[in-house]
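Starting off, we have a lone chain in the form predicted on its own, written out as structure tokens.
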Amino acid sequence: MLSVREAETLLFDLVRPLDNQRDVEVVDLLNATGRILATPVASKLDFPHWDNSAMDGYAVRYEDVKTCSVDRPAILEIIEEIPAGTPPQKALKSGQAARILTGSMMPNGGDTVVMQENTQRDGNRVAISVPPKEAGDFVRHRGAFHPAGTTLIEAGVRLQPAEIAVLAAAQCSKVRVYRRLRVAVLSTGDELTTPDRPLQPGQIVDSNQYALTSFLLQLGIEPLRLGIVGDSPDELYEAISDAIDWGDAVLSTGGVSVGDYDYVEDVLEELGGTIHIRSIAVKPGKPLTVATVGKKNILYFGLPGNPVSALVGAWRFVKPVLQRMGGLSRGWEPVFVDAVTTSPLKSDGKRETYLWGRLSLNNGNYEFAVASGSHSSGNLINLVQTNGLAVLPVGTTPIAAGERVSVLQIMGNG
């Protein structure tokens, strides 16, 4: 049984990210949200595109106003108004000013903007009574935010609203992104049934298929639902063969413990797979099979059948691997935050233990409220609204309310 750290190291060594030439597609910018940029983007434009005003006021020459005061205001002739979107028509000469609005282009000869509040207009003249602090006040200079020809967004970045806005401003209407990962999902067990069928005695609804499909969709991954596979080596062999032919990875639940009907590892070895991990010293989720299988060395995750164990394993170990595989260069690693627990936390200290609950930010400090009710790996109900897993390391038993605890941030509500 591997420690968490050993398992993580092994897992991350197995990751083979998508190829930035072969596994790329071009998409319209409006269809790129959530996709991962495959190649760096450089803009042909300077940002700002030209010198422009950061204030409503008057464009002036600094030399004309640098010594003005309330007692001795600088009186300047207004030679034009420059609305936003209209280029200046005249160049400023000594003793002249131009009415200018926020975002409007600076006129030639003007090097400073005086805000409207420090002026008084009379017809075609303006009196300026407060001198600028320095030349260039309230002027946004061309290229000051970002010069043309330099990288605007690096490859490996997930495109969210801010990145989409920047690309639109740079007139990138199409972008090269990594294709979506394809991951097959299957559930094993004769006791399983689907939600649309009447539940018979001894049966269990296959919630794992839905949980893991939703998990993949949240990551922007294309899932293939292979449904329920019975406890038959032949049936399992056929299902796993189909899965590795189609996908970049496979997630299965059940069949990875030491029961009489747990055939996953036998089938993987029959298919020529190499098993790298069989179990990890965690609770819940100790039985976790990780293998590479098939001609393409598809990554196979055999998660426990208990629904909490399956999701905890997906959040803790599968999520970072799939995000890195999909081309994400940063932010794929698990994120832990330091929080104060609002209630006592307990474990037996024998394995690294995860307790699920709600992570919230209160006055700049994280707080963790453990979910009420049983923390059994079969109790799916109190996972509702979970967005954090409190981590109790090996050797740690109780953590009192008010003490600090490390919490893994996971995909959750709110």
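Note that this is a predicted model, so its numbers are computed, not measured. Start at 1 with the first residue shown and count on from there.
Heads up, the form predicted in complex with a small molecule isn't pictured, but that's what we're talking about next.
Within 4.5 Å of the small molecule in the predicted complex, a heavy atom is found for every one of Ile204, Gly255 and Pro304.
Leu192 is the sole member of Val139, Leu192, Ala239, Val290 with a non-hydrogen atom within 4.5 Å of the small molecule in the predicted complex. Site annotation in the predicted complex: the residue of Ser187, Thr112, Ser104, Gln323 reaching within 4.5 Å of the small molecule with a heavy atom is Ser187. The partner is not drawn, yet in the predicted complex one stretch among 247-255, 176-184, 159-167, 143-151 has residues with heavy atoms inside 4.5 Å of the small molecule: 247-255.
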